[in-house]
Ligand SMILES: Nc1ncnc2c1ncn2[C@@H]1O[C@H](COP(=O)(O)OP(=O)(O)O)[C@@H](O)[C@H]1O
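A single chain, nothing else alongside it, follows as structure tokens in the form predicted on its own.
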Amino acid sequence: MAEPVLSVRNISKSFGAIHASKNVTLDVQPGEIHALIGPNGAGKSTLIKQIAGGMKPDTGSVHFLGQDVTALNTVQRARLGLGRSFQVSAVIPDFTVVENITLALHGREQSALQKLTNAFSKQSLIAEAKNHATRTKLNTRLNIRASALAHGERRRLEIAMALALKPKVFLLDEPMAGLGNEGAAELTTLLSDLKREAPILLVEHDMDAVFALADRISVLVYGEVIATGTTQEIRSNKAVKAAYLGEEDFA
């Protein structure tokens, strides 16, 4: 097996008596979508925060492209190529589609958000922003404010902004949240294409999307990974069925 792009080793995080993460080990291989699933309160978002650099683990380590990045913050990890989208959209509502993507491009190139006004007039950035908008099917919405976009369009905008960082891996936290069937189908197609560019660690509650997209799945329950395997292995795993009893049908 190839060297993993992203590797989490024995991550643990406690809040008082609550073990949000407990000796979590998983990796993301080149060219794959690795889904992270689990019931509400399982610790998925807490784990993603630790991987992205927004929260420091109590113990354990995060390795990215062969480098130990445990001590690096979110911005430093992003500049190495960790592209993250959030459970709650992080776009700027009063900025247009092209301005939001251009801002992400500018942040990639600058140590701080300096001379932001100049960024919006820099033709090379605008051209690249338009390219990312086209890839996420937002090319007809370039001059629309983010606040006026439909929910699914905002999710695609967030992915376009993540693309602007030239990621080596995507961390996607519930990208299907709030989408209808049509929006979820469109995003499923987009994510299937994106994994050819960079592997994806996908946190998602939509099991139809997970089973359609994932090459491997890890199941998190009470902060612990209780199983990792292919979609078929997870579907037939008795411990996974027990953990989801009455909540998800894995048959």
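Don't overthink the numbering: it's just position in the shown sequence, from 1. Every value quoted in this text rests on a predicted model; they were computed, and no experiment measured them.
This protein has a second form, the form predicted together with the ligand, left out of what is shown; the following refers to that one.
For the chain shown alone, I11 is not a contact residue for the ligand in the predicted bound form, no non-hydrogen atom being within 4.5 angstroms. Taking non-hydrogen atoms only, I200 never approaches the ligand to within 4.5 angstroms in the predicted bound form.
Using a 4.5 angstroms limit between non-hydrogen atoms, I234 is distant from the ligand in the predicted bound form. Contact annotation: Q29 falls outside 4.5 Å of the ligand in the predicted bound form, judged by heavy atom distances. Figure note: of the listed segments 210 to 218, 40 to 48, 186 to 194, 59 to 67, the one touching the ligand in the predicted bound form, with heavy atoms no more than 4.5 Å away, is 40 to 48. Contacts with the ligand in the predicted bound form, taken as any heavy atom within 4.5 Å, map to no residue of 159 to 192.
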